[in-house]
Ligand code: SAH
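A single chain, nothing else alongside it, follows as structure tokens in the form predicted on its own.
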Amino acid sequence: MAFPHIHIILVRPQHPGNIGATARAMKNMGLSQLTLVAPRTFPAEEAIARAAGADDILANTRVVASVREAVADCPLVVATSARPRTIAWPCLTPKEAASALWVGAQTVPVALLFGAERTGLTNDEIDFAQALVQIPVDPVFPSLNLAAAVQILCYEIRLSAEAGRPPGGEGLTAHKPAPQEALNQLIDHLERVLIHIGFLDRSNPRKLMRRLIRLFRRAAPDANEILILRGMLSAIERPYPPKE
């Protein structure tokens, strides 16, 4: 059983051993698509040693500079978070997240984001996701190793696949969201227009763009809808024709 459309993305991993252990955890569960965003050290002998036979995953690992680049082709992104965020965001259990990812992967590429070992994901990085997933841990000792977190969620993905949840039963259905980068370009365009018309004050944004980003990620517009929205924004940017 393989999962070629499910991407595991490690953002700013600090320790090459955790990269190797992640590759091993993925291979245990049949996943193979690993992406690293700005790793401190890679490739590295320690990563190969900790992979313990999952060298093929390391050999095919993609390395990119930003989360935006990493998820450009993924309409569905779930981000891991160990703490609540100021702005409410859909929060899934590991089982719910795994089910949504497996169902979504039947039709489009999907991604699961993990943050740096000490700091996790920033709010700007989470802005690329449609939902968060939190692994329940004992509050007395909530620290969870990066590779262990990957193992738990990859295990849940495999359980979802083995349970045979029918594609379209939950998560993404016949609706096919636009690629992530098309949505990112819409958001960039929207921010530019809001500044242009004076609705967004860059010196005092008050989380306006973050709320709008999450609105559009939740809505998951398709390619035609994005074209319509960008056409509207372009019309707003142009001066109105003089009245006759």
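In this text, all values refer to a predicted model and were calculated from it rather than measured experimentally. Residue numbers run from 1 along the displayed sequence.
Absent from the display: the form predicted together with this ligand. The rest refers to it.
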Pick from 129, 103, 146, 154: which has a non-hydrogen atom within 4.5 Å of this ligand in the predicted complex? 146
Residue (of 108, 161, 72, 135) lying close to this ligand in the predicted complex, criterion heavy atoms within 4.5 Å: 135
May I ask you to state whether residue 119 is within 4.5 Å of this ligand in the predicted complex, using heavy atom distances? yes
Hey, in the predicted complex, does residue 91 get a heavy atom within 4.5 angstroms of this ligand? no
Does any part of residue 80 reach within 4.5 Å of this ligand in the predicted complex? Heavy atoms only, please. yes
